[in-house]
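Single chain ahead, by itself, as structure tokens, in the form predicted alone.
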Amino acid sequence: MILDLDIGNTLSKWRLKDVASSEIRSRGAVWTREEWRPGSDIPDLDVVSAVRISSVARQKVLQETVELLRHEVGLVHVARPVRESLGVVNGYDEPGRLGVDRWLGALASYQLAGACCTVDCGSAITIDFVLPGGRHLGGYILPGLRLMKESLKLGTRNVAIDPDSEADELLAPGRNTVEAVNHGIYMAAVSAVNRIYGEVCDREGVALPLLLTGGDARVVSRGIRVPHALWPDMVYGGLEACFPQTAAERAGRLSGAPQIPAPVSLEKIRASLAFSMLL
């Protein structure tokens, strides 16, 4: 089995993948901590032949995790942002400072769709662009839905947005404080994504495929105006592309990869952007 770890600042996700069949056997998530307990936090390691890690947590957390896993498993791959990989050139002035989850998302999406815009809707909402030919432009970081809500300090942080809500409902004025907060932060998030996508496509003269991932991707996607795809395993896909372990991965078949809808024409993107600027 392959153990894939996506370690965030607060939540860490894992999955077990069968080496022979390339099937996902199990998944889980725990709060990020400095000491992991195999069998409780993560699966028993006696069935694991390789580990792949993406981590944006504190360096000590990563070091302790790698030390434990190398003692138990041996083969541990840790993803890090670099200047260039898999045809993508990192757009940061200091490549190592780009969040590894963003880097892996860009790499995975480029393997799947070529030039693309990736949006990760987690604690922060990150938006990254890769142009034809693999040039990563850099991106944008804005507060995620939960972080925006907490910043208002109105006692509504524990009342989450229903991910099954329709966009029209979420974009309507709220009739109580909880609704007003939820609808306001939703409007801020989806408006930012729509506007940034349109602005960058217009400036670069290219209509890019759009892919979303992250815990809030499903609800954010309801307010996105252009064709797009959801890819919950986008970061894992980046780990697969960087450290292929199965025959399917070596052939470029990434787990859970969605069908990529064709983007609308650049003319329509520009027309929509021009209209929004008049409002």
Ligand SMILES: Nc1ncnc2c1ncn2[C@@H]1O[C@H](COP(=O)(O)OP(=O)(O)OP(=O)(O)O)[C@@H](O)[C@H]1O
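Just so we're clear, the structure is a prediction, and the values are computed from it rather than from any experiment. One-based numbering along the sequence shown.
The protein also exists as the form predicted together with the named molecule; that form is not presented, and the subsequent description refers to it.
Take the named molecule as it sits in the predicted complex, overlay the site C-alphas onto this chain, and none of its atoms lands within 2.4 Å of the backbone or a C-beta, so the site here is open.
P209 falls outside the set of residues with a heavy atom inside 4.5 Å of the named molecule in the predicted complex.
Interface residue remark: V56 is counted as part of the site for the named molecule in the predicted complex, having a heavy atom within 4.5 Å. At a distance threshold of 4.5 angstroms between non-hydrogen atoms, L11 is in contact with the named molecule in the predicted complex. Though the partner is left out of this view, G134 does not reach within 4.5 Å of the named molecule in the predicted complex, counting heavy atoms only.
Note on contacts: among C116, L104, A189, C121, the single residue with a heavy atom within 4.5 Å of the named molecule in the predicted complex is C121. From the list 61-69, 215-223, 43-51, 241-249, the contact stretch for the named molecule in the predicted complex under a 4.5 Å heavy atom rule is 215-223.
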